[in-house]
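Here's a solo chain for you in C-alpha cells, the form predicted alone.
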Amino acid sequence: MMKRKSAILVLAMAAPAFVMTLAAENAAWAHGPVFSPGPETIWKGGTEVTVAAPYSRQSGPGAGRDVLEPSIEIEYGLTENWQIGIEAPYKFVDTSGADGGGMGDVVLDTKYQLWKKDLPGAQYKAAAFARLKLPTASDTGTPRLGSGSTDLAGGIAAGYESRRWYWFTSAAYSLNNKGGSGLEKGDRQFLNAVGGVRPILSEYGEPDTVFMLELNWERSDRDKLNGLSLANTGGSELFISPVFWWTYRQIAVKGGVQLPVMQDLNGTQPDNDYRGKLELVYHF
C-alpha cells in the first residue's frame, strides 16, 4: 500500500514541475538545507509554495512502522527580513498491526532574518524562527496520527552561501505539551551542521545543481502518560544526510535521505532505518 501511494505522489509532483518549468521566468534562488532549518527568507511580497513528500521507515522490536506525510506549505514575505507560513499535511501510517490515514498536524511558522553581510560573490546570514504545531491530527485511532497537543518549537540558524561553497548551522528546541488523551511527548532538541558545493558554476537563468551533506543530531526526552514517564521512549540519534538542489528559474526540486549513524534509544524501541524527502518548490 505504501509503495503505491509513494508512486502516485511522485507522479503528481513531477507533472506540475514539468509544466511550470516551461512557463517560468528568471529568478534568483537562495539555497538551504533539506532536513534542517536555514537562515534564508523570501523577499517582501514574495510567495513560495512547496509540495513535499517525507517518508520514514522504522523496524525492530515491536511493530514496524512506515509513514508517508505529503504536505503543501505556503510562505509569504511580510518584509525583506520577515516571513510567515502555514503547512498542511496528510498522513499515511502503516504498521505491522494496523494502517490508516488522515489529516496531519497543521503547522504555523515564522522566520526573521537577524543579520546579513554581503561580500563579493558571497553572503552571510543569520535568522531566528518559530513553529506552532496545532492538534489537527487524530490522536484516538489505531494507529495514532498525532499527539493531540499544541506544541511550540524555536531556534536559530546561520549560514554562508557563495558561488561555489555553502555551510549552515542551526539549533532548535521543541516544547511539547500534554494531549487530550493524557499523553505528553518528550521535549526535543536539535543540532545541525551542513556543508555544500556547486560542482558546476552555471550562468544566471541556466539549470543549476547543488549538493550538500547534513549532520543532524536529535535528542528526545521520555514521553509521559498521565504524568508518568514511559520507559521505552526517548533517546538520541545522529543522522548523515546527503541532499541535492536542482533549480531552474522559479522552480526547485530538492530532496535527500537521512541515514542513522548512531542511535542511543531508551529501553526497547524500533530503530529508524531511514528517512527520505522529496520537495517541489515554486515561488512568485
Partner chain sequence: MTAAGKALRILVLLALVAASTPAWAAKVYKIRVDGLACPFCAYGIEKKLMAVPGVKSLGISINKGIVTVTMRKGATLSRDTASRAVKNAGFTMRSFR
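Just so it is clear, the model here is predicted, and its values are computed rather than measured. Numbering follows the first chain given and starts at 1.
The discussion below concerns the form predicted in complex with the partner chain, not included here.
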Listed residue (S236, N232, S59, Q250) with a non-hydrogen atom within 4.5 angstroms of the partner chain in the model of the complex | Q250
Contact with the partner chain in the model of the complex, heavy atom within 4.5 Å, among T136, S71, T95, S162 goes to S162
Region of this chain that lies against the partner chain in the model of the complex, out of 83 to 91, 171 to 179, 112 to 120, 184 to 192 [heavy atom, 4.5 Å] | 112 to 120
4.5 Å heavy atom contact, L201 to the partner chain in the model of the complex = yes
How about K44: is it within 4.5 Å of the partner chain in the model of the complex, going by heavy atoms?
-> yes
Does the partner chain come within 4.5 Å of any heavy atom of L278 in the model of the complex?
-> no
Classify D105 as contacting or not contacting the partner chain in the model of the complex by the rule of any non-hydrogen atom within 4.5 angstroms, answering yes or no.
-> no
Of the residues spanning 264 to 284, the ones with some heavy atom within 4.5 Å of the partner chain in the model of the complex are V281, H283, F284
